[in-house]
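Heads up, the chain below is alone and in the form predicted on its own; it's given as structure tokens.
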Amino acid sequence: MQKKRLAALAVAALIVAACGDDDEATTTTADGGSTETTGAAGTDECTVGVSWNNYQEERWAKWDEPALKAAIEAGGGTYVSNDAKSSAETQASNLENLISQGADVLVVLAQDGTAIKPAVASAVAGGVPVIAYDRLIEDPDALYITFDNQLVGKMQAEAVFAAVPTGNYVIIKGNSADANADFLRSGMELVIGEAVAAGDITIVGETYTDNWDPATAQASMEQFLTAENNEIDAVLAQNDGMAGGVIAALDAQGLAGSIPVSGQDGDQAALNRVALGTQTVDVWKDARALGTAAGEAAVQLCKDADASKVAGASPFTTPGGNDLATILLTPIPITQENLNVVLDAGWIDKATLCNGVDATKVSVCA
């Protein structure tokens, strides 16, 4: 892999030079510690470089990274990482940085799936395989590993639609530069599309949210509430952080718990909101399974860079018309009726799940 890394460095340097110097590029691990160097350049070991887009988001450090790292090490590989801190430009530099540390394979959680394409293409051209982790990168040579995000959106809409099949809907989407936002929206459309066409549902507000930011989602929801004189019947929020922002806006108007709200990711605060009844559904994507799948795939790519040969991969045609080898995991919708699923899986403890909950109304908290 050493010759491949040198070739990738030569090509990637052109990309980085075009971006200019960036003080955010780092040789530390995503959490700020020292980078591990067991799989140093020049050995036959497999070094996997992971580029996080924003390590401060709850799930990456708590669930994804430990599983990813464990799977890499179980396969005899070494884990190194860095954090783009929500900067697309920094992430392009970070890929070159990981290759310079000896990365044989890159796992990229893209801040901006379009902006990162030149850096990914450079790595692949230099013989360094790339895994698009949880977020799509439109490169036909990348291996795409994620949950079925269209299905996530469908599950979110199904739970909310079951509660409120008519009325005024608001849709709070994620980052416009993240293809997942559109995958989720397409899944929602499968459920509510006919009702919208028939006039049973009116979408009174729909917006993307930069960086999936909860505060931005809250501000958007406040604006929609004002514009509609609080006459909103349901909210399809695409993840738990934004759902929290939406519910804060509803709570300020005395509406929390009376208007169905969706989310996803299995954030502990969100699962508690499901138990409390202020969030209707939290589509759980067990990030431990995702991290494990990516770690195992990365070790396989060290041996054979052909993504289509990775165990469990199947063809997937992207919105951009690219055919990517893809591993899609299946999510689980969590409502008050099946909170035992996340409790039994050790994803959350009972005290956290049931904090402030009336145990006579939620069986799992009894």
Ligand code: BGC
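Numbering starts at 1 and follows the sequence shown. Here the structure is a predicted model, which means the values were calculated and not measured.
Keep in mind that the form predicted in complex with the named molecule is not shown, yet the notes after this line are about it.
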{"item": "Heavy atom within 4.5 Å of the named molecule in the predicted complex - residue from D139, D83, D134, E96", "value": "D134"}
{"item": "Contact assignment for the named molecule in the predicted complex, among T209, T278, T78, N180, heavy atom within 4.5 Å", "value": "N180"}
{"item": "Contact check for R59, N239 and Q264 against the named molecule in the predicted complex, heavy atom at 4.5 Å", "value": "yes"}
{"item": "The named molecule in the predicted complex: contacting segment from 292-300, 155-163, 264-272, 216-224, heavy atom within 4.5 Å", "value": "264-272"}
{"item": "Close approach of K173 to the named molecule in the predicted complex, 4.5 Å, heavy atom", "value": "no"}
{"item": "4.5 angstroms heavy atom contact with the named molecule in the predicted complex for S122", "value": "no"}
{"item": "Sequence-ordered residues of 276-297 touching the named molecule in the predicted complex, heavy atom within 4.5 Å", "value": "K285"}
